[in-house]
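Below, in structure tokens: the form predicted alone, a single chain.
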């Protein structure tokens, strides 16, 4: 009887694996096609469909860096995404903890105003932000690409996520910290933050991806090719007539997804845990 139950479990697992593999094909195939086409020439990309190139053109990845300052643009995206992620983690955790634990007049109204910011599309605020950054003398710099995500709707979303998580933490641990002489800031640093690692991981990866994929703000605020980030750089692989150089675009895109895959593979479990634990609280 025990063997029969084990066999049934194995069959069930195989069925689920097969079903999920079939469902994953439509999502996985475009990615595989992109990687394959990164090693083809332009004519072969639009020729006979095949995932295996006739001739592997490793030269495509060299030409990506020769066509424009792609290494500089790659570094721009990395350091901006890291800086935005770090600032968002600090500010959203501080604000989220204050909204979750501190009682002050107008706290509910403040939270309502913050949540209302999530309903405003970025296309609506891009014009006033343009004039603001122009007045600050920040045009053609990376300052807008750091400030706008941190203090914009995405920063509000991060604050809300951290607030929801802090609400679920037991107050007894914080009270014990206060009895040991910790200040409010000390409780946040030594007790609340270490316990909120799943939420911090979720905010970190979501913020990193948001900054990494940002296109509208770089398009509006940047004009020098050396200051471009990857989304702008990918659209700049064109011939003199403005037609896309697909073999270079696909090679550059393949390189651009590497950090995203690394970040997601590292923090995927924390993301799932954070949404499961914080999404139903408060």
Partner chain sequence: MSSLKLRNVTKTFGKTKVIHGIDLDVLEGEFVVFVGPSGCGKSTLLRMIAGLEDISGGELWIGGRQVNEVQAARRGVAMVFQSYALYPHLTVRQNMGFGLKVRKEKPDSIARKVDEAAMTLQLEKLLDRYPRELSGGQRQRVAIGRAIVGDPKVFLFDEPLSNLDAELRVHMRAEIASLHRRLENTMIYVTHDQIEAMTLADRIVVLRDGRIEQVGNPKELYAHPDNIFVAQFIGSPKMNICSADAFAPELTRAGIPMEGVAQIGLRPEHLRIVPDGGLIKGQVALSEYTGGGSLLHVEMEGAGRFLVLSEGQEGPQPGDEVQLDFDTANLHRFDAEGRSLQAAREPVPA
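Numbering follows the first chain given and starts at 1. Predicted model, so just to flag it, every value in this text is computed and none were measured.
What follows is about the form predicted together with its partner chain, which we do not show.
Trainee: Looking at 83, 201, 89, 191 here, can you tell me which has any non-hydrogen atom within 4.5 angstroms of its partner chain in the model of the complex?
Mentor: Of 83, 201, 89, 191, the residue with a heavy atom within 4.5 Å of its partner chain in the model of the complex is 191.
Trainee: Does residue 71 reach its partner chain in the model of the complex if we count a contact as any heavy atom within 4.5 Å?
Mentor: So residue 71 does not count as contacting its partner chain.
Trainee: Contact between residue 137 and its partner chain in the model of the complex at 4.5 Å, heavy atoms?
Mentor: Output for residue 137 is no: heavy atoms all beyond 4.5 Å of its partner chain.
Trainee: Against its partner chain in the model of the complex, would residue 78 count as a contact residue? Criterion: heavy atoms within 4.5 Å.
Mentor: Residue 78: no contact with its partner chain in the model of the complex.
Trainee: Determine whether any heavy atom of residue 182 comes within 4.5 Å of a heavy atom of its partner chain in the model of the complex, and answer yes or no.
Mentor: Yes, contact at 4.5 Å.
Trainee: If we check its partner chain in the model of the complex, which of the residues in 169 to 188 reach within 4.5 angstroms of it by a non-hydrogen atom?
Mentor: The stretch 169 to 188, when checked against its partner chain in the model of the complex, contributes 172, 173, 175, 176, 177, 178, 179, 180, 181, 182 at the 4.5 Å heavy-atom cut-off.
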